[in-house]
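Read the single chain below, which is given as structure tokens and is the form predicted on its own.
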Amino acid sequence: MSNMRAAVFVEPGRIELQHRPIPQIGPTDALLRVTTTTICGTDVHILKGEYPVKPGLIVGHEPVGIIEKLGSAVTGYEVGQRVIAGAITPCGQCHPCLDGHSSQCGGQAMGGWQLGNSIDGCQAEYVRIPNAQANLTPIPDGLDDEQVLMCPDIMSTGFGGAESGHIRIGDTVVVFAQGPIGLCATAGAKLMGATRIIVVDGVPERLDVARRLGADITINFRDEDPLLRIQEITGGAGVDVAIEALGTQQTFESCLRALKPGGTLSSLGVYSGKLSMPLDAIAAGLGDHKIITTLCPGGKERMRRLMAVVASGRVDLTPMVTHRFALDDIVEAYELFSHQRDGVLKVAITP
């Protein structure tokens, strides 16, 4: 067999299933037979033309699969082994990688994000994993595909937002938006030691999941003003860390206004257009606030650590998989996910 089925970006507003050649691999690559993948909010940005990629690109960056072939220079792995690869696939050797910023591999902003961005992605039957030695992570025995499906991107991203925010034991944290990334940020804040976690969303079902993942206080912005409620909860002091997990001007600004002087805004959102910063929200620049952005960490050690958390039972993200589709039905899956119908959180796609 020389061809495979793959979800291909054709033009803004159009992703379609096509037959494409199975990828060829080089000495440092691996070929994965994809067993499960999913659709990310960033894929929806691509579909809508809000994030530009080249027409003809296979989309997707969250692969769970089985090694089909190994490049001649790749050691320590076996054909037939179950593995994941992160959404970020760094080389592990360039200056940004060695300096602790592998997401910015090659010295380019977001340079580590290759799958479904600068090279063909994994919403397909097969995917080429570049720099396989740095990016393949064996799946621990006893874990199924859906248990590790969140590790390549949203778990790494959400946890990364909590880590970048330098949450300390005893902190009060607010997470604005409880989509998949925000829910993972909530779980990450709990693991980091926050003892009062406030979450804001407008979907009751998502607030219910947030409570299961560690939220102490839930605020439905359709029922009350989140900022007034946060001021009430904190006695007017504000929160230690605010995590922005949606990517809008309103949620970014709300995070700033929720912070205490000296607090940290940890931004996970993908923003479109211009983002402004009201001077009063940062005390005219004199409030000792910190703003940090995060692109999910990748690489095999990051994936190993995340799967260790899953295997330990400290976090169970499988309830986030609300819908399942065959690869043949991926256009229907995009329609559901992009319009956020039927209570969808994440979809599992099985080629």
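Being a predicted model, the structure only gives us computed values, none of them experimental. From 1 onward, residues are counted along the sequence shown.
Beyond the structure shown, there is the form predicted in complex with another copy of the chain, which is absent from this document and is the topic of what follows.
Asks: Of 220-228, 142-150, 99-107, 202-210, which is the one stretch near another copy of the chain in the predicted bound form, taking non-hydrogen atoms within 4.5 angstroms as near?
Replies: Among the listed stretches, the partner-contacting one is 99-107.
Asks: Since the partner isn't included here, can you check whether another copy of the chain sits close to all of 49, 257 and 346 in the predicted bound form (heavy atom within 4.5 Å for each)?
Replies: No.
Asks: Can any non-hydrogen atom of residue 73 be found within 4.5 angstroms of another copy of the chain in the predicted bound form?
Replies: Heavy-atom contact with another copy of the chain at 4.5 Å: present for residue 73.
Asks: Would you please decide whether residue 159 lies within 4.5 angstroms of another copy of the chain in the predicted bound form, comparing each non-hydrogen atom pair?
Replies: Flag for residue 159 set to yes.
Asks: Taking another copy of the chain as it sits in the predicted bound form, is residue 190 in contact with it (heavy atom to heavy atom, 4.5 Å or less)?
Replies: Residue-level check for residue 190: yes, a contact with another copy of the chain.
Asks: Please tell me whether any heavy atom belonging to residue 134 falls inside 4.5 Å of a heavy atom of another copy of the chain, as the geometry stands in the predicted bound form.
Replies: Yes, contact at 4.5 Å.
Asks: For the heavy atom contacts within 4.5 Å of another copy of the chain in the predicted bound form, list the residues of 246-265 involved, in sequence order.
Replies: Contacting residues: 252, 260, 261, 262.
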